[in-house]
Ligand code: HAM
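Taking the form predicted alone, here's one chain by itself in structure tokens.
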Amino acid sequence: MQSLPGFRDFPPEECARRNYIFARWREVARHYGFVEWEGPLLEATELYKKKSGAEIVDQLFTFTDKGEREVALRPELTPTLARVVAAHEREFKKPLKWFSIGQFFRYEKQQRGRLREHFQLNCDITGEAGLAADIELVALCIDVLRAFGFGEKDFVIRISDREFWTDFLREKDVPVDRWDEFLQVIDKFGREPREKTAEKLGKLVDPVFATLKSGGKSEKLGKLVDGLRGRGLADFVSIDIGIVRGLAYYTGIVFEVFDRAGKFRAIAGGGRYDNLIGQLSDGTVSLPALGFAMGDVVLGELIQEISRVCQIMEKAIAQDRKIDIYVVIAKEERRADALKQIQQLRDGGYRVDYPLTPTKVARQFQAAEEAGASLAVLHGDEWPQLKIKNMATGEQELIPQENLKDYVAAHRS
């Protein structure tokens, strides 16, 4: 039996890499004052239909449960966020700065950088309409990647503003009901043949191509870059009005993150969605909001691609895997005494391992070395004294067994 297509197993090495990513995500989000929350893996299918329309069902793992409800494994977190905020927003002081690390599912064609399940960091700010929130969110996204060891030569955040294009469409007298169609064309610019794009744009082809070539101008985006420049982060961003994000609910500043070499799909993406919570809550709660998501699949590929960053990860994982003490049981009649001390050391917060069954002493010391133990504590002929071996230097000494905890505390590396 094998895992299902698009799903992954996480044996210890892979699980350690995944947890390393989670730890960096969690650490930086908390540095920015974000608090962690979570929602259920299973939601009513209607919640996703309401946000994206009936066509979303083709991308969902959906089924009818035993209560005859149509339910789906979550493909994203924003609808759940809107539902939770609508139900509890009076309980929290605004703005809300929430983050979540969870698993998501999409029944779609698997390809490089895209599987049918993945883990994702979601960071959202709710209840703040000012540009300061956009600057804060982009800065957070930058610092999340910097925490892995990436620099400005490794990735770039391309920022844009949907209002730039809605103002453009308004000036060209394009009906509002065609705006989403137009934005979809812009979103695919560069990924589709130029002739096909021109055909879709019709009479707007010349001004659109000219605007994309010139780069356009946006006072709001200029202020955003200035805000990041004040933090020393401007080198990580680039204005690119061709970025509009494919989802219709975005209303203002949007951004996507790419590796500078252009080898991978977007690492992360997000933006402002000021109307979505109101739409999903049937107008019971209306709050401005913005957020971004960063998946573990493309990020993991990029970490492996850049050796410098990969080495940082592997070194951290190796250090985290090390134990503090390995207890060598040379005489089986001493096992009960050894187990008592092992429990005391573990109660003291130390990582301690030992042989579960009678094992040759040489093999036990080998196990201590393989586990990265700082100290090996030998229970043998010297009892009631213990022989302590410093695994780094090879030095050994005898101590009374009742002094073990104090000795370990004094020599903790």
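Start at 1 with the first residue shown and count on from there. What you are looking at is a predicted structure, and each value in this text was computed from that prediction instead of being measured.
Same protein, other form: the form predicted in complex with this ligand, not shown, and the subject of what follows.
Asker: Out of Thr126, Ser218, Gln120, Gln341, which one falls within 4.5 Å of this ligand in the model of the complex, going by heavy atoms?
Answerer: Filtering the options by heavy-atom distance leaves Gln120.
Asker: Of the residues Phe168, Phe148, Phe182, Tyr249, which one places a heavy atom within 4.5 Å of this ligand in the model of the complex?
Answerer: Looking at the other structure, the residue within range turns out to be Tyr249.
Asker: If we take heavy atoms and a 4.5 Å cut-off, which stretch out of 140 to 148, 100 to 108, 156 to 164, 84 to 92 is in contact with this ligand in the model of the complex?
Answerer: That would be stretch 100 to 108.
Asker: Within 4.5 Å of this ligand in the model of the complex, do we find a heavy atom from each of Arg245, Gly291 and Gly295?
Answerer: Result yes, every residue of the spot touches this ligand.
Asker: Is Arg194 part of the interface with this ligand in the model of the complex - any heavy atom within 4.5 Å?
Answerer: Residue-level check for Arg194: no, no contact with this ligand.
Asker: Can you work out whether Thr78 and this ligand are in contact in the model of the complex, taking contact to mean some heavy atom pair no more than 4.5 Å apart?
Answerer: So Thr78 counts as contacting this ligand.
Asker: Using 4.5 Å between non-hydrogen atoms, is Tyr273 touching this ligand in the model of the complex?
Answerer: Yes, Tyr273 lies within 4.5 Å of this ligand in the model of the complex.
Asker: Is there a heavy atom of Val71 lying 4.5 Å or less from a heavy atom of this ligand in the model of the complex?
Answerer: It does not: once this ligand is placed as it appears in the model of the complex, Val71 has no heavy atom within 4.5 Å of it.
Asker: Going by this ligand in the model of the complex, which residues of 257 to 275 come within 4.5 Å of it through any heavy atom?
Answerer: Sequence-ordered list: Ala266, Ile267, Ala268, Gly269, Gly270, Gly271, Tyr273.
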